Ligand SMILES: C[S@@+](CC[C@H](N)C(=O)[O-])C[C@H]1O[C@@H](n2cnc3c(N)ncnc32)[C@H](O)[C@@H]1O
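Just the one chain here, laid out as structure tokens, in the form predicted on its own.
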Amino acid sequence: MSKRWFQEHQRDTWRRQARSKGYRARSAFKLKQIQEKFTLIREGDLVLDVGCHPGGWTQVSVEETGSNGLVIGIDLLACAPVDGAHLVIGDVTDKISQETILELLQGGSKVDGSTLPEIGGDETRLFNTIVSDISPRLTGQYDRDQAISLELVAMVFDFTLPLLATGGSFVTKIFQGTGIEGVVNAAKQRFSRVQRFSPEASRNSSSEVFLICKNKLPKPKKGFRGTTVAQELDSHLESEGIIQSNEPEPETEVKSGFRRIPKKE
């Protein structure tokens, strides 16, 4: 750890404010600033926090949803309990973790022991908002880290969007750089409003930006139904010459399209 980094860390006003207000991380103020500008979370909402460790975004989500809401956080790392939230240890792409989240959504049980309203008929309870401050384990090699981040964001989109209600909101951290337009364009096929936003609480030296997606469409726009965000990202990267297709090269030999018809006796 460099002396310069340590000094800047100590002078970080957002870090000091987080400590004084009881938030577990300075990143809590990023979500608070996003919420202030876009109002993604409303009282009584159901919220999924992907990559919730150490719990700062979960704390803010609980504040915004109030006593009638439900917040579920998931992370690979164990997170100290957050009053008013359910925390799941696991990978959001893992089937067991997904089943746990579905059980929490459909079971109606809250942290305080009270019961969520029953949903009649075949209707399924879905999230109103999904928030994700998830980040890959950084290597220090920017191009590689940014590429891994794009893949991770695409994966989170694909595994969580089926749990997001029509009209719902989605916000995720993403790093600026080559290929980001592939994710942005994929989001635009699924939400009526998509834009990038940099909270004041983000460090000046950081290349992170937050993708704000509002009003999920009932279905992706025409031409994009049946494809995943990950597939659309790969297609974009191929069109930009960043990655090569894994499809086998077409045969060079040209074969005619005629077929032999047996002569009638």
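Everything quoted here is computed from the prediction, not taken from an experiment. Each residue number is its position in the shown sequence, starting from 1.
Keep in mind that the form predicted together with the ligand is missing from the display, and what follows is about it.
Among residues of the shown chain, V184 is not one whose heavy atoms approach the ligand to within 4.5 Å in the predicted complex. At the 4.5 Å threshold, heavy atoms of D145 stay clear of the ligand in the predicted complex, well away from it. Within 4.5 Å of any heavy atom of the ligand in the predicted complex lies no heavy atom of L48. At the 4.5 Å threshold, heavy atoms of I96 stay clear of the ligand in the predicted complex, well away from it. Site annotation in the predicted complex: the residue of S192, S135, T178, Q195 reaching within 4.5 Å of the ligand with a heavy atom is S135. Contact with the ligand in the predicted complex, defined as a heavy atom within 4.5 Å, holds for exactly one of A85, L104, L164, V92, namely V92. Heavy atoms within 4.5 Å of the ligand in the predicted complex belong, among the stretches 212 to 220, 51 to 59, 64 to 72, 229 to 237, to residues of 51 to 59.
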